[in-house]
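Encoded as structure tokens, the following chain is the form predicted alone, with no partner shown.
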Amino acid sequence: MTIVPINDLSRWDNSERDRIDGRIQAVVKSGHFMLGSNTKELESQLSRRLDGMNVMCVGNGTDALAVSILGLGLKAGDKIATVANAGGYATGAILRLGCIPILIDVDPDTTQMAPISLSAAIVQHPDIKAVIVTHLYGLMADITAISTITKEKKILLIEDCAQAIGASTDRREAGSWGDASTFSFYPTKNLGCLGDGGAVAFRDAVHYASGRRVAQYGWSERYVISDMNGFNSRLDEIQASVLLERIQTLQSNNDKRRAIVRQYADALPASHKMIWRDDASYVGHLAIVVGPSRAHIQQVLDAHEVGHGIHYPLTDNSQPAWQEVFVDASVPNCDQLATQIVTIPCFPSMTDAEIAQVCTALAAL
């Protein structure tokens, strides 16, 4: 046996490599490397997927979160609710802008924001201005219930879709439910480029215009700074061209990911579970096993030469830099899951032999 990797970005289909090479060379020959036709076309394609929302591409998913917050008009001191188990990306953006993060617990069965916990937090903090809901591991949160809550309370809703592009529920894609949504095109994502990249979508054209200013130095026109929060965040034309090629196979690759996890779920004993759904609301960004003993899972995976990791080992309230921020945080489900979750291999170019090797390990748990 050889070790099955969690992911392997060196595996390329030769025809895809040739098509991407061709697109990159076309950009190089054009001499137009920023804010060109590839970026505009990518924004247009994303907008069509997102129910006509106004889309702008940015430098990475973290910038996307910051631009969404600022574009919606949120300011330092505003309270923004988010989960504690999603790697700290939303919390980091909230703190970076001087806003106040309010941690919401998750449903232990789905690992997603629990609507009942969100409602309780709003009662405790009636001045919450926005919610960032992360569709974690490629599984959509209960966005129907969450969007109903935010609309009733007149709270802004931001969807973090970094791990869930292409997922859908009720025939609406992740990212099309909120006032704004954010995406990451980091190479390991379901739609990944060959470097960093991200996008933001806004429901309202005024918010979109504000987001555009923020991500372009705060300019209202060239060299005229009208927004003091402005910084520089753009997707380059080479990365946009790569994404235009790869977005064509997003659906088929998402289907492959889900099919892999389906086999894993079938192989697992009843004492363990996968975080997934066998429908379009799950796109298999990560394959997550939950069990009573992480050490046991890791030992069995090691014995079967199966790579593994943890996404994520620390909740936001446990991060060394943020412990004073979250002295009173109570997210017991997040805390418990952080001790039980294990990430196992899941990527579209896995071989049948590799999938079988992982399944054999899971059956031995």
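Counting begins at 1, following the sequence as shown. Not measured: the values here are computed from a predicted model.
Note that the form predicted together with a small molecule isn't included here; everything after this is about it.
Undergrad: Name the stretch: of 336-344, 58-66, 317-325, 296-304, exactly one has residues whose heavy atoms fall within 4.5 Å of the small molecule in the predicted bound form.
TA: Looking at the partner contacts, the answer comes out as 58-66.
Undergrad: If we define contact as a non-hydrogen atom of the residue within 4.5 angstroms of the partner, is residue 181 a contact of the small molecule in the predicted bound form?
TA: Heavy-atom contact with the small molecule at 4.5 Å: absent for residue 181.
Undergrad: Find out whether any non-hydrogen atom of residue 175 is located within 4.5 angstroms of the small molecule in the predicted bound form, and reply yes or no.
TA: The answer is no: residue 175 has no heavy atom within 4.5 Å of the small molecule.
Undergrad: Please determine whether residue 256 contacts the small molecule in the predicted bound form, using a 4.5 Å cut-off between heavy atoms.
TA: So residue 256 does not count as contacting the small molecule.
Undergrad: Report yes if any heavy atom of residue 217 sits within 4.5 Å of a heavy atom of the small molecule in the predicted bound form; otherwise report no.
TA: Residue 217: no, not in contact with the small molecule in the predicted bound form.
Undergrad: Of 150, 112, 233, 163, which residue is found within 4.5 angstroms of the small molecule in the predicted bound form when only non-hydrogen atoms are counted?
TA: Among 150, 112, 233, 163, a heavy atom within 4.5 Å of the small molecule in the predicted bound form occurs only for 163.
Undergrad: Ok, 239, 190, 134, 91: which has a heavy atom sitting within 4.5 Å of the small molecule in the predicted bound form?
TA: Contact check passes for 134.
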